[in-house]
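For reference, the chain that follows is the form predicted on its own, supplied as structure tokens.
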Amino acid sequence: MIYTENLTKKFNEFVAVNNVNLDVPAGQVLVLLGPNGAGKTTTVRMLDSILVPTEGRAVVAGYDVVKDAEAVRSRVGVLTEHHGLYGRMNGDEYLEFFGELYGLPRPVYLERIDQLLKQVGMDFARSQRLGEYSKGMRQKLSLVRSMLHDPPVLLLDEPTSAMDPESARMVRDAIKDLRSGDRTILLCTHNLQEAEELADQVAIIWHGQIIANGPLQEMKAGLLGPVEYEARVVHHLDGWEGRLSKGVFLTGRGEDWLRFKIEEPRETTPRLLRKLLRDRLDVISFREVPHTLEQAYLKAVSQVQKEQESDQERKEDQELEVDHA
């Protein structure tokens, strides 16, 4: 549903997006994660055929974003960070206006308006003026507007930016309700909690380049290695020096806890638990300590920064060699 190959956008000498490669199938949510200015919005504007790529190509819902721009625009729903509602209209007037702009027959868009407002919990506000809406209500109405023509691709740019927690929760719940097996969603954000909650795939973009990309759990495992397991016990562990079986590694300890990395958990974890009990440790709990997306994000950024520093050092060494020669 979304495919890019070396997608690049330059503004004069400034490279905003550099060789971005994405492949998102139907029914998936891809979160494009990165700080402000990383290239997220520029990528979205190329995918919805607003900006023309400088290099590379992109295909959305089966159509080339340059050659088939009109077809692409008719098949995407776009939610921008600044949605520009008309404050004097009420909810029904606003959505009917856009139903006309989309070229939908009146019975079709009226039915869609009813269905979508109920789906996102906004049916109660349809006669209320938009100027009286809260931030969360405005964003949910903008989501409904972007869905009126039933697009197979949704492009959501910072959908909860600058919102209070309650409004942000309303919008995230609405996005979950709009997921379906035949609709693909690309969501741009710098909110790590939001990304972890909504994503099937994550692509981390840094200074216009994708530095990590893949299914959420696989990406975390690839960057951070196996998850850890923590055992909590009743009494102090000062004297415990138990031998660990093959494939078990002690990574941390405290007065009443031990933390392990375990290879092949299905086979090794039962043996480890039996050993702890044989060593007369009264185990209260034994649980997986999952990796977080924040840890993976920081690891990916750290790796890139180290590579950039190494490249800079090599460049400076080469320049010194030339000067000496």
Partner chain sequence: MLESLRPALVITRREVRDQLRDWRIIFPIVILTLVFPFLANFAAAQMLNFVTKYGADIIGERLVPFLMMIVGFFPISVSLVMALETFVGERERGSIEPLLNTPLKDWQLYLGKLLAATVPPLVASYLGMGVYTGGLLLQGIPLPEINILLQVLVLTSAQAVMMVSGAVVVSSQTTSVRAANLLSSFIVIPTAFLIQGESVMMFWGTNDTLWYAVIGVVVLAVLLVRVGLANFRREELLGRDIDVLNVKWGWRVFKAQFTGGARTPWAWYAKSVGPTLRKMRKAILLAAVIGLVGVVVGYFQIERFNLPITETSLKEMDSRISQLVQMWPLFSFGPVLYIFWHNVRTLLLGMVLGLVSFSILGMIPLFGTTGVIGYLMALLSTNGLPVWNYAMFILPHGVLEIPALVLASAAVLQSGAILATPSPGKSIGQTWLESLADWCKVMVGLVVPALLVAAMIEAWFTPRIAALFF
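Numbering follows the first chain given and starts at 1. As the structure is a prediction and not an experimental result, all values here were calculated from the model.
Just so it is clear, the following notes concern the form predicted together with its partner chain, a form of the same protein that is not shown.
Colleague: Could you confirm whether Ile113 comes within 4.5 Å of its partner chain in the predicted complex, counting heavy atoms only?
Modeller: No, Ile113 stays farther than 4.5 Å from its partner chain in the predicted complex.
Colleague: State yes or no: in the predicted complex, is some non-hydrogen atom of Val234 no more than 4.5 angstroms from a non-hydrogen atom of its partner chain?
Modeller: Result no; Val234 lies far from its partner chain in the predicted complex.
Colleague: Just checking whether His83 would be counted as a contact of its partner chain in the predicted complex - the rule being heavy atoms within 4.5 angstroms.
Modeller: Because a heavy atom of His83 falls inside 4.5 Å of its partner chain in the predicted complex, the answer is yes.
Colleague: Do Lys220 and its partner chain share at least one heavy atom pair within 4.5 Å in the predicted complex?
Modeller: So Lys220 does not count as contacting its partner chain.
Colleague: By the heavy atom within 4.5 Å rule, which residue out of Glu93, Asp150, Glu228, Asp177 makes contact with its partner chain in the predicted complex?
Modeller: By the 4.5 Å criterion, the partner-contacting residue is Glu93.
Colleague: With its partner chain left out of view, choose which of Ser167, Ser74, Gln209, Gln128 has a non-hydrogen atom within 4.5 angstroms of it in the predicted complex.
Modeller: So the residue touching its partner chain in the predicted complex, by this definition, is Ser74.
Colleague: Where, among 211-219, 193-201, 100-108, 246-254, do residues come within 4.5 Å of its partner chain in the predicted complex by heavy atom distance?
Modeller: The contacting stretch is 100-108.
Colleague: Pick out the residues of 16-47 whose heavy atoms come within 4.5 Å of its partner chain in the predicted complex.
Modeller: Stretch hits: a single one, Arg45.
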